[in-house]
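Next up: a single chain in structure tokens, the form predicted on its own.
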């Protein structure tokens, strides 16, 4: 049995046990969109005290603000009523210290195609949160800019610290 087979079996058990509540509203209950790293060590729902249906959770490598992040936030805000954005980066991230050019070179050497995207490696998660906040504040497609806050999660301790966006 593969891991995917196990996940499908878990989904069948979830269905059989009536685990899904199909009556939840499509709009997030608390009007928040969370942009975070995809790191499997971070349980965002437990960390933030979220329940299914509370918030939109957008995850990618590094929790970086990409075109797709902006696309998701624009839809979240304009059509689904979110008003606040929470950014969460973390310590010991896989993108920390990653050389974008070297990765692109390696991928091109392996596949013959240079990726159109950048990995967006960084050296300091606090500085990267600040850059992300500024990118969201400048973006014309992000409608609600009054509450954009950023944090760094310490994967060793479990502590979440707010980043002063002013520098």
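For clarity, a rigid core is taken as the largest C-alpha set superposing within 1.5 Å between two forms. This one's a predicted model, so the numbers in the text were calculated from it and none came from an experiment. Positions refer to the first chain, counted from 1.
Although not depicted, the form predicted together with a further copy of the same chain is the subject of the following passage.
Close approach of residue 149 to a further copy of the same chain in the model of the complex, 4.5 Å, heavy atom: Taking the distances in the model of the complex, the answer for residue 149 is yes, it comes within 4.5 Å of a further copy of the same chain.
Partner contact for residue 130 in the model of the complex: a further copy of the same chain, 4.5 angstroms, heavy atom: No - in the model of the complex, heavy atoms of residue 130 and a further copy of the same chain never come within 4.5 Å of each other.
Exercise: residue 24 in contact with a further copy of the same chain in the model of the complex, heavy atom 4.5 Å: Taking the distances in the model of the complex, the answer for residue 24 is yes, it comes within 4.5 Å of a further copy of the same chain.
Touches a further copy of the same chain in the model of the complex: residue 165 (any heavy atom, 4.5 Å): No, residue 165 sits far enough from a further copy of the same chain in the model of the complex that none of its heavy atoms falls within 4.5 Å.
Within 38 to 68, the residues that have a heavy atom no more than 4.5 Å from a further copy of the same chain in the model of the complex: Contacts from 38 to 68: 38, 39, 40, 41, 42, 43, 45, 46, 47, 48, 49, 50, 51, 52, 53, 54, 55, 56, 57, 58, 59, 60, 61, 64, 66, 67, 68.
Core-aligned C-alpha movement of residue 25 between this form and the one not shown reaching 2 Å: Residue 25: C-alpha displaced by less than 2 Å between this form and the one not shown.
Residue 157 C-alpha relocation of at least 2 Å between this form and the one not shown, rigid core basis: It does not, since the residue 157 C-alpha is displaced less than 2 Å between this form and the one not shown after the core fit.
Core-superposed C-alpha of residue 16 shifting 2 Å or more between this form and the one not shown: Residue 16 C-alpha, core-superposed: shift of 2 Å or more.
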